[in-house]
Each structure stands twice: as structure tokens, then as C-alpha cells.
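Before any questions on binding or motion, here is one chain by itself as C-alpha cells, the form predicted on its own.
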């Protein structure tokens, strides 16, 4: 999968995460803003990096604004944003 343009998925509601995916500069850059950051920062980053590796993505800018989303929600939102960003507009 190749990220061609910016794409967004998710909301800013409680228990959700808004993820913005953009083309990268040759590396994975994840910017995480979370209401539960002090407790789950490492887990959220791990979930996102695992999915990016599974999809074969090695270059991307990811901005995640989290409001307590579960791992399954984070995966679903990131996957959807990746698919949207790889399609022609």
C-alpha cells in the first residue's frame, strides 16, 4: 500500500480516535495526542506500528487524537485512513 495523499478517519468523541495519515519522508512519524497518554502511550504506538508493518508501510506521517479508544478502534480507524489515503481522489 502506498500513501498518496492525506486522509482522515474517526471522530473526536469519547472512546474514539481521529487519525490523519499523510505521505511521509522515508520514515514512520507518529504524533499522538491522547487523554490517556500517561497510561497507554506505549500501547497505542505499538498497535499503530504493528498495523503499519503488517500493511508494508515504511513511510508515513500519522497524527492521532485519542479520547480513550480501544485497540480494535485504533486499528479500524488507522486501516480505514490508510485505505482512503492510497486511493485516487
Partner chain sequence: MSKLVGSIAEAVQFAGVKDGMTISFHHHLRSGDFVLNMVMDEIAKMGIKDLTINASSIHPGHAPLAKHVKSGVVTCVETNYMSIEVGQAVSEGYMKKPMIFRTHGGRPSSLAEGKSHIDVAFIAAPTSDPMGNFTGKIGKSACGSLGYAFEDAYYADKVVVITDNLVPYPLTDFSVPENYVDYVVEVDAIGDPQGIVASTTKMTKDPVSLRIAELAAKAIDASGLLKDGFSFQTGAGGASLACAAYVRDIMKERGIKGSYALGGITGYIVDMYREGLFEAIQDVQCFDLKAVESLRDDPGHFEISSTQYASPTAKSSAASSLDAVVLGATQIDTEFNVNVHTDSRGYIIGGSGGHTDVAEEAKLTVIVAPVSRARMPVVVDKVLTVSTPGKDVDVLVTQYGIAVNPARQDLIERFTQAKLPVKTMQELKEIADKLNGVPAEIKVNKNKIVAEVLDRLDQPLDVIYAVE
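Small disclaimer: the values here were computed from a predicted structure and weren't measured. Residue numbers count along the first chain shown, from 1.
Only in words, not in the display: the form predicted in complex with the partner chain, which the text now covers.
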### Query
Contact between residue 54 and the partner chain in the model of the complex at 4.5 Å, heavy atoms?
no
### Message
I'd like to know if residue 60 sits close to the partner chain in the model of the complex, meaning any non-hydrogen atom pair within 4.5 angstroms.
### Response
no
### Message
Although the partner isn't part of this model, could you tell me whether residue 69 comes within 4.5 Å of the partner chain in the model of the complex, counting any heavy atom of the residue?
### Response
yes
#### Entry: residue 74: touches the partner chain in the model of the complex, heavy atom cutoff 4.5 angstroms
yes
### Message
Under the 4.5 Å heavy atom criterion, name the residues of 23-44 that approach the partner chain in the model of the complex, in sequence order.
### Response
35, 36, 38, 39, 40, 43, 44
